[in-house]
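Just one chain is shown here, as structure tokens, and it is the form predicted on its own.
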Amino acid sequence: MGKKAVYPGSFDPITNGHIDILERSTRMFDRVVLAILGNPAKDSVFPLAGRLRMARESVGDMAGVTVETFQGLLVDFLVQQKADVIIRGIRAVSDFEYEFQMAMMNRRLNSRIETVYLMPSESYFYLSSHLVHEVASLNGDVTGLVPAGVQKILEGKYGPGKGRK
């Protein structure tokens, strides 16, 4: 059966930094579920169905990877998926406090669940979905920051970046 992990997030939208973490996760786990949170209380730029479509197109046929959506507690989703590891990307010390609190709460809710932190590759260390939106909304070029299909969607929403050739 092999070891299965869940990589959760809003992925609004999925970035090359997320893909980097996902690819490296597949080297450690036999199966990885990219789990997109559908949280009605959170204002997302893209609807859940759009984020799901972008993620599935971006992941393509990456071996051992599936893309799903979930609502509610992450630990409940892990039980449903028969997984016991959460993958989280951590970029800077500022991420650590929040991630640490979440890991401790998840452990309190289900002591079987472990959290594994991965640092992104150096070229994506600064990258976040929020930053991508900001750059795209100001007509900046997001080439290389997001998968090509996501870039087209952002250009459709905001217009092409000024730096495009």
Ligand code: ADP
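These numbers were taken from a predicted model, which means no experiment stands behind them. Each residue number is its position in the shown sequence, starting from 1.
The form predicted in complex with the ligand is left out here; the points below concern that form.
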In contact with the ligand in the predicted complex (heavy atoms, 4.5 Å), from 54-62, 25-33, 103-111, 124-132, is stretch 124-132
Contact between Pro147 and the ligand in the predicted complex at 4.5 Å, heavy atoms?
-> no
Does Ser10 reach the ligand in the predicted complex, with heavy atoms at most 4.5 Å apart?
-> yes
Using 4.5 Å between non-hydrogen atoms, is Gly38 touching the ligand in the predicted complex?
-> no
Tell me, yes or no, whether Asp84 is in contact with the ligand in the predicted complex, where a contact means a heavy atom of each within 4.5 Å.
-> no
Going through 88-127 from first to last, which residues have a non-hydrogen atom within 4.5 Å of the ligand in the predicted complex?
-> Arg88, Gly89, Ile90, Arg91, Asp95, Glu99, Pro120, Tyr124, Leu127
